[in-house]
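As structure tokens, one chain now follows by itself in the form predicted on its own.
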């Protein structure tokens, strides 16, 4: 991977900004006040003074705060980070740090009283640790358990055997299993409790207007991009009301914060996730023809579109002819340890010597979380060294795929709404972004699209350089095939199919996330449901026979592996080890999770798309 670092600021620039301006004017003023007989001494003094000013300024430049945006969390979140640290340092078996950040303040206690009691509890400890039994007593007395503020909800549109459910799944064994996967929606369904709505400051869970579908396990709240594949599955399950409720919830977040949050928690307000809200609305409309939903969605989507195409998210790449191409990057509004993984982030940043280095690292960690792919060697300047994480310096292929899709979706919806001018404007925007894909991302020799590394901080236009493309192979390199702009050209698809065949990504149980086994969960040997579905759907939608055959083969491998893992473990997993049929994935900063929203959705989507013949075994490939 190429290494690109921003150019250091000139000293003149450094001194022209606060707090250094007064240093430039102060020495001359000082000099005029000194007796002429001391000119020689004064000259020496001024040289020494300027040297000290320069040293001070340079020191301040290194330790000064990160200049990027920060959206602060709530007082409860701040306190729970302290509690989380104490728990990690006190418990012999390290607990999941997210458990502590998801606690709710128990009535009738107020936060200031709880903080005082906690201060007394930890007063005699140098490292914030306390006896485990005392910690448990404190937590039980003052907090409700994580997850208690999300109560079970029976979906009103759930039926155990929906009409016309997976009619092309002929194999009885597969049909029985598909119904079991379908029934998992009930276990993942919930609603935010009235307590959250009445006293939001006592919870980190955010209020939402409609029932929710959560991913499962430690993920006890709605997540943004997960919801797209959940909705795909819900539509297969004929749960249209539940699907529309998920969209309503996400739109409410845009109306409140200006963007969809990473997840519906107070500690996620500083970042978003891959923007798929328009795709969710589009999928629902295709089935229900609900024009009212489209009309409600348009102003919300325009607001979200602005978020992703302005400020720090916006980047401009200039081609050799001097033409500017506007693209987007992930950029979290945060430069501190993530509250849900505070201890993990502090430990990872412990090797950095300056505050500024730590802040930049924390921002890049949070930005990787905004990408949804946390974590991966994609974001590292020198993989697999985790401390070289530099996500804000990457212009990602897949993010811009999602935004191109958003432009096409908005154009489509404006056409429905009768706004011809608006529709044409977004068609032009999509054409401009497609052109940017050709110039910035596409690599003819590789036959795939490659992420682009910025040479500077991304605030100003920079000229495209071939060496800035990341030549490492990732599943995300093939994400553009998902949308019609790219899978409608048969000759183009041929190149992509050949590249995918030769990439090394196609494994016995699906598509590898990368070719590097770094120990991070978004690297080999793991495969993830979203990437399987995007690539498979794109290939299947093309007119190329070889692409359709490849799509079906990958889908069947994924289904078989999911089935075997389910029969072995009794549950659906968030990720699979695709190097072997029936193995679930691992790696990363938390234990492998089960449930699991988007995995369920993709299984049902694949079965809907490809069916399963009666004479085709689900066990043997």
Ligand SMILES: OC[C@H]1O[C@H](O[C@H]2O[C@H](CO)[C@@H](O)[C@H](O)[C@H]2O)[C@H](O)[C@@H](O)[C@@H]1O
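Treat the numbers as computed from the prediction; the structure is a model and nothing was measured. Positions refer to the first chain, counted from 1.
Although not depicted, the form predicted in complex with the named molecule is the subject of the following passage.
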Checklist outcome for this item: in the predicted bound form, the residue from 522, 379, 330, 334 with a non-hydrogen atom within 4.5 Å of the named molecule is 522
Checklist entry - Looking at 271, 202, 362, 487, which is the one with a non-hydrogen atom within 4.5 Å of the named molecule in the predicted bound form? => result 271
Next on the checklist: in the predicted bound form, does residue 553 come within 4.5 Å of the named molecule, counting heavy atoms only?
Outcome noted: no
Checklist entry - Just to confirm, residue 182 within 4.5 Å of the named molecule in the predicted bound form by heavy atoms? => result no
Next on the checklist: Would you classify residue 492 as touching the named molecule in the predicted bound form, given a 4.5 Å non-hydrogen atom cut-off?
Outcome noted: no
Checklist entry - Any of the heavy atoms of residue 225 lying within 4.5 Å of the named molecule in the predicted bound form? => result yes
Item to check | Full three-residue contact with the named molecule in the predicted bound form, heavy atom 4.5 Å, for 165, 177 and 573 | outcome: no
Checklist entry - Picking from 432 to 440, 82 to 90, 497 to 505, 369 to 377, which part of the chain touches the named molecule in the predicted bound form when contact means heavy atoms within 4.5 Å? => result 369 to 377
Next on the checklist: Within 4.5 Å of the named molecule in the predicted bound form, counting any non-hydrogen atom, which residues from 331 to 350 show up?
Outcome noted: 338, 340, 341
